[in-house]
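Next comes just one chain, in structure tokens: the form predicted on its own.
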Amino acid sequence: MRAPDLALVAVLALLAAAFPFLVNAYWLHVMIIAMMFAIMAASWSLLAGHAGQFSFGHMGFVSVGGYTAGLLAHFLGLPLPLGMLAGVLAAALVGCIIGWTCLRMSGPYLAIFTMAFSEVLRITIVTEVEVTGGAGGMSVPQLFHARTDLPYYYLILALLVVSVGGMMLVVASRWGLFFRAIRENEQAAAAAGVKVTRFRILAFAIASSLAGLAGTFYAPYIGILTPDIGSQDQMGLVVAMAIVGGMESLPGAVAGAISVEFLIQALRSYGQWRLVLFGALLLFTMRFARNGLLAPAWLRLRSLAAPRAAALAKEAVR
């Protein structure tokens, strides 16, 4: 990693560590939810922006992860850490099945199929009242028994860093190169020797497992699971976060998720007008900033930090 990147990462790490001590309990809760959405937005960015598979069933994987962890804890008394691991694995398995099922689908057909999967899953959760609690929800034991949200904050921060760091390694590897080749032209990638089927399923598995991870965190943090977690409204919000941040930039998707969540909460006093303002921001981004609003800002910040970092490095050598 270059010196400017190390400097920026160090500053962001210090700000993240100090954040809980700079805000009140409400904004700490908002940041926890924002970081949870950041994992979803970044994993969707990996699937859509890098692998070119536009899925609208991402919240279905979140539901699979959350409900798997919750049901195992509720009915079998399984410790929550093991239930969370099982939820991630279950979401990855479902992602593999969906990826295999959608092998011959692309574009709007893939989007409609995954949207239908998410909606069928939500209706199933609502219908199976004896198992899931239906629309009323199902209680989930908490992971930490503390008076503050500090343990949850540092847990979701660690999960965000590990998951995004892992995705960035994937993007920088041969796998990432194959994902982009499939995104640009599946036939050409196959002719070049890329195993398109394998890597399409792999992209779904990685993205779905990370979405499931966000769901397994949501369940014990909130303490109750409802079918609304898998609603299309939430899916639209995740997509909007990735678009505002930058679909082809994982740090941009993270920044987009955090910025959009804080913007929505800051504008709550405007009632439904905040949704109009948010929609206008989304339209502006799609019309004038196809690469997102925040990803180019990150690149600009890196370019500005480069001369300063180089000067500091020369001083250190002297």
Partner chain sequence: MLDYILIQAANGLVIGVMFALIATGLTIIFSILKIVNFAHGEIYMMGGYFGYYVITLLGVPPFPAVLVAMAITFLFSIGLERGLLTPLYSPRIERKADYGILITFGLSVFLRNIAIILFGPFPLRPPSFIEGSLAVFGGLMISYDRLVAAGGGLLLLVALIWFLNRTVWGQALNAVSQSRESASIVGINSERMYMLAFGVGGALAGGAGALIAPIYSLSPSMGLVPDTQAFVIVILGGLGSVSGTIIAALLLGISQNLFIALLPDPSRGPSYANAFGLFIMMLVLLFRPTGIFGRHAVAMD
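In this text, all values refer to a predicted model and were calculated from it rather than measured experimentally. Positions refer to the first chain, counted from 1. Throughout, rigid core stands for the largest set of C-alpha atoms superposing within 1.5 Å between the two forms.
The same protein has a further form, the form predicted in complex with its partner chain, not shown here; the description that follows concerns it.
Shown alone, this chain has one stretch from 219-227, 70-78, 115-123, 145-153 that lies within 4.5 Å of its partner chain in the model of the complex by heavy atoms: 115-123. In summary, among the residues Ala205, Val170, Leu159, Ala111, the only one with a non-hydrogen atom within 4.5 Å of its partner chain in the model of the complex is Ala111. Contact check for Tyr26: no non-hydrogen atom falls within 4.5 Å of its partner chain in the model of the complex. With a 4.5 Å cutoff on heavy atoms, Met286 counts as touching its partner chain in the model of the complex. In the model of the complex, Phe37 stays away from its partner chain, with no heavy atom inside 4.5 Å. Contact check for Ala214: every heavy atom lies farther than 4.5 Å from its partner chain in the model of the complex.
Residues are counted as partner-facing when one of their heavy atoms sits within 4.5 Å of its partner chain in the model of the complex; in 132-148 not one qualifies. In this overlay on the rigid core, Leu275 has a C-alpha that sits 2 Å or more away from its partner position between this form and the one not shown.
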